[in-house]
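Okay, so here's just one chain, in structure tokens, the form predicted alone.
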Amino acid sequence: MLSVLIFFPFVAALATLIAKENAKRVALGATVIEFALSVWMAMQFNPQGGTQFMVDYWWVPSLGISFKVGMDGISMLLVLLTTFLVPIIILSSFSILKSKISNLPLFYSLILFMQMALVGVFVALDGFLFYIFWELALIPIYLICLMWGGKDRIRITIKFFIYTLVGSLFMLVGLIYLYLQTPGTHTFDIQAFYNLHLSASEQGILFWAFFLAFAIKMPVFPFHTWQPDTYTDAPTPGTMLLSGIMLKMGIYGVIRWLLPVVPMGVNEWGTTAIVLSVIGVVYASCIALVQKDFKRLIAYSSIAHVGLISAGIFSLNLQGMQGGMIQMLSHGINVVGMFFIADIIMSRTNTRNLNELGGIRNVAPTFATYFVIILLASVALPLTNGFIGEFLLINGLYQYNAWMAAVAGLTIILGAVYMLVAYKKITLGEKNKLTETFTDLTSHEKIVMIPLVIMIFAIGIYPKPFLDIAEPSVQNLLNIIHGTILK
């Protein structure tokens, strides 16, 4: 079933290319089936059972490369996030892309191809296979940004390409070095990497080889400079893919391939990673305060949220790691909703400039209501999904260092400031020439919004099922990390 989950989107991508006029329906139908399959697998999943749905076949036996995939609780949550968000992203594009994109079959097939690679990244248990899926996930988003981005798309996409390529090369060098250290017949198997006995100096060097790749992807300060331009310039479905799912590749890489493989390197350099993450939280929040472009404001907000996730994970305790897991879900849901709102505003007014908007609540009360719900989730209001993740992350970071937690906690205060100011400028006050004809949400747009709002309250009010899925796997990883450090 896991092989089907991985490769079904690839088959659907080919079918979408052939479907032509029916491409969007084929793409949506395929992603709904993919989500249903992932939910069925989640229902069969036993959180206490370790890695499940295992598939392990030799791919290149002479080089020790195998097609080895499986899901534990960490993988399961990220696969569910991916399969939940992709149909929403596709559905959100129906009303906005027809006049902007000439080749819809290619566009949707690239999204499906990217979904295949994303699922592959989250379930790969072979280092070489992980790298292949990692690179495959980048190709569709490059093409989406390059073919359907804004006026400055070539320069921005090249910058994005260079950043991610350099990071990927560092990771490849690290994987090859680990491969060469495995005893006997060399292998890329993740368990063989976990069992290696590397010196502290080796692990310190490998830490940076992997951390650079993952920090660029998240992104963490100061490796973030590609992100605001790319998020702003990319077509909105591309931005949703990048922010809602793709940046989780970097966070997942830290959890799965960095912390347990080079724990002594983490012990040496983890504080540096936390400091960079916390700097990013405050820096991005301050930059967001002065943004006039709403989409760019959301981009900087995303950097701040991811910085907090990174800091919490590197605190190496259960609360920080669990907070990172739940906040990955929450951030993905909330940021997709925020970018959808930004796109609705742009499509109706032809501007995202906060100073040119106002009074939308007077003409579109339903839109304003959904907007404020997603916004309050983004600023971590209690009983919303954002509160659960940020509470656990700051708790975990406090256990590591109280001062770090105090500084990182500024993201809640600053986030409330820039988000509420943006809401005021967009929806409150008197309407003007741009907003007086602003129409309320259509039925189609409500269909996109409703699942997001349901998940905001479901996770915020009762997060236990999601925390229970991940906790045994998170605790097992922490045992590996702390056990190795103590040795």
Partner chain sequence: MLQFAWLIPVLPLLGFLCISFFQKQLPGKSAGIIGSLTVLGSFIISCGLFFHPASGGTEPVTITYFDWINVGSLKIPISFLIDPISCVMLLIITGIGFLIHVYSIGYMAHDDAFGRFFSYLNLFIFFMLILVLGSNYVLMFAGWEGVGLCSYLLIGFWFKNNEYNNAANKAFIMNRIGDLGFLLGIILMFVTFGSVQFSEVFSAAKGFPDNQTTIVAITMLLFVGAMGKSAQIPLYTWLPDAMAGPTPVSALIHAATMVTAGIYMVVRSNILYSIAPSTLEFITIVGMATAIFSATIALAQTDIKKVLAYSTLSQLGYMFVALGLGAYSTGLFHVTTHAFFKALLFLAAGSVIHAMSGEQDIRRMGGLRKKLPVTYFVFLIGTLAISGVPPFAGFFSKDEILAKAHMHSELLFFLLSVTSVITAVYMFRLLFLTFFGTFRGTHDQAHHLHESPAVITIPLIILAILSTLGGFLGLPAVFTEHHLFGNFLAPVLSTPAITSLAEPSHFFEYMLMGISVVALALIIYMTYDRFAKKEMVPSLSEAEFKPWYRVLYHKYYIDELYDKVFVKPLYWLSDVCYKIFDIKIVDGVVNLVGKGVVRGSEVVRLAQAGSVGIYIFAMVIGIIIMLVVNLY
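Positions refer to the first chain, counted from 1. Please read all numbers here as calculations on a predicted model, not as lab measurements.
If you look for the form predicted in complex with its partner chain, you will not find it shown, but the lines that follow are about it.
Asker: Answer with yes or no whether residue 362 is in contact with its partner chain in the model of the complex, where contact means some heavy atom within 4.5 Å.
Answerer: Yes, residue 362 is a contact residue.
Asker: Classify residue 381 as contacting or not contacting its partner chain in the model of the complex by the rule of any non-hydrogen atom within 4.5 angstroms, answering yes or no.
Answerer: Close contact exists here: in the model of the complex, residue 381 approaches its partner chain to within 4.5 Å, heavy atoms only.
Asker: Does at least one non-hydrogen atom of residue 409 fall within 4.5 angstroms of its partner chain in the model of the complex?
Answerer: It does: once its partner chain is placed as it appears in the model of the complex, residue 409 has a heavy atom within 4.5 Å of it.
Asker: Even though the partner isn't displayed, in the model of the complex is residue 429 close enough to its partner chain, meaning a heavy atom within 4.5 Å?
Answerer: Although its partner chain is absent here, residue 429 would touch it in the model of the complex, with heavy atoms inside 4.5 Å.
Asker: Heavy atoms, 4.5 Å, its partner chain in the model of the complex: which of 395-403, 344-352, 86-94, 178-186 makes the cut? Say which one.
Answerer: Comparing against its partner chain in the model of the complex, the contact stretch is 395-403.
Asker: Answer with one of 294, 252, 170, 300: the residue that has a non-hydrogen atom within 4.5 Å of its partner chain in the model of the complex.
Answerer: Selected option: 300.
Asker: If you check 146, 139, 416, 205 against its partner chain in the model of the complex, which one has a heavy atom within 4.5 Å?
Answerer: Comparing distances to its partner chain in the model of the complex, the residue within 4.5 Å is 416.
Asker: What I'd like checked is whether 133, 194 and 256 together line its partner chain in the model of the complex, meaning each has a non-hydrogen atom within 4.5 Å of it.
Answerer: Heavy-atom distance to its partner chain in the model of the complex: none of the three under 4.5 Å.
Asker: Within 4.5 Å of its partner chain in the model of the complex, counting any non-hydrogen atom, which residues from 160-182 show up?
Answerer: Heavy-atom contacts within 4.5 Å come from 163 alone.
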